[in-house]
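For reference, the chain that follows is the form predicted on its own, supplied as C-alpha cells.
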C-alpha cells in the first residue's frame, strides 16, 4: 500500500512538473540559440532580452513549483475532506508522512537537475577561477561534493518536515487553521534562524584566515577546504536533528490530535 501511495503521488504531481521541466529546457535551448545569433537589429535584441527574462522566470518557477506542489498535496490529501479516506487506509501514520516526503524530495532533486541542465545549455558566458583551486587534492574535492549533496538533501527533508509540522499543528485548531499554520511556520523559522546565526557565528570565529583564498597557498587552501567540509557536515547534523523533531511533531499531531472538522 505504501508503494501504491507513492505511485499515485508521482502520477498526480508528474502531470504538473513534467510540463514545467519541458518548458524550462525549451526556453534554455531557445535562449542559447538567440545568444548565438547576431544582435544586429532592435528586434533581435528585444527578442533576446524577452526570452532571457522568460528563461529566468522559468528557472524560478521550476524551483517554486516543486515547493508549492509539495505543500498543496500534503494539505489536500491529509488536511481536507480527503483525510477521512486517507487515514482509514491500511497504512501507518509514518507511511503516510514518508510517502509525501519521499515524493517531494524526488521532485526537489529533479528540479535541481533540470535547472542545472538548463543553465549549462544557456552557458554562463564566462568562468570564475580561484587561484590555487587546482592544487586541492581530488579526495578533498570529492569530500566537499559529498558534503554539499548531503547538506542539500537533509536541508530539503528538514524544510518539508517543518512545513508538514506547521500544517499538522494548524489543523488541530477549530478555527483559522491556515492562519495558525502560518503562525507556527514563523515560530519555527525564527527559532531555526537563531540557531543558524549562532552556528554561522561559531564558524566565522573558528574559520581559517582569508589568506587561503586571497593568495591561493596550497596548504592554506587545503586547510580552508577541510574546514568547509567539516562545517557542512556539522550543518547536516543540526538539520538532521531538526528534521527528527519536526517529524515527531507531525507524527504525534496526525496520530493523536487529528481534527478534520
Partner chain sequence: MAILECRQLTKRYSSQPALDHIDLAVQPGGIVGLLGPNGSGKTTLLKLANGLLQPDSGEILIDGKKPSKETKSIVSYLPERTYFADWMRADQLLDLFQDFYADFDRQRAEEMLQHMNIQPKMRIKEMSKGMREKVQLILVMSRRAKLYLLDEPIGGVDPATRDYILHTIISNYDPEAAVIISTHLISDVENVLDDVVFLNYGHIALHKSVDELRAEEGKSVDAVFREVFRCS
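Just so it is clear, the model here is predicted, and its values are computed rather than measured. Numbering follows the first chain given and starts at 1.
Quick note: we don't show the form predicted together with the partner chain, though the next part is all about it.
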item: Contact of residue 87 with the partner chain in the predicted bound form (heavy atom, 4.5 Å); value: yes
item: Contact test in the predicted bound form: residue 178 vs the partner chain, heavy atoms, 4.5 Å; value: no
item: Contact flag, residue 92 vs the partner chain in the predicted bound form, heavy atom cut 4.5 Å; value: yes
item: Residue 139: touches the partner chain in the predicted bound form, heavy atom cutoff 4.5 angstroms; value: no
item: Residue stretch of 92-100, 146-154, 187-195, 112-120 approaching the partner chain in the predicted bound form, non-hydrogen atom distance within 4.5 Å; value: 92-100
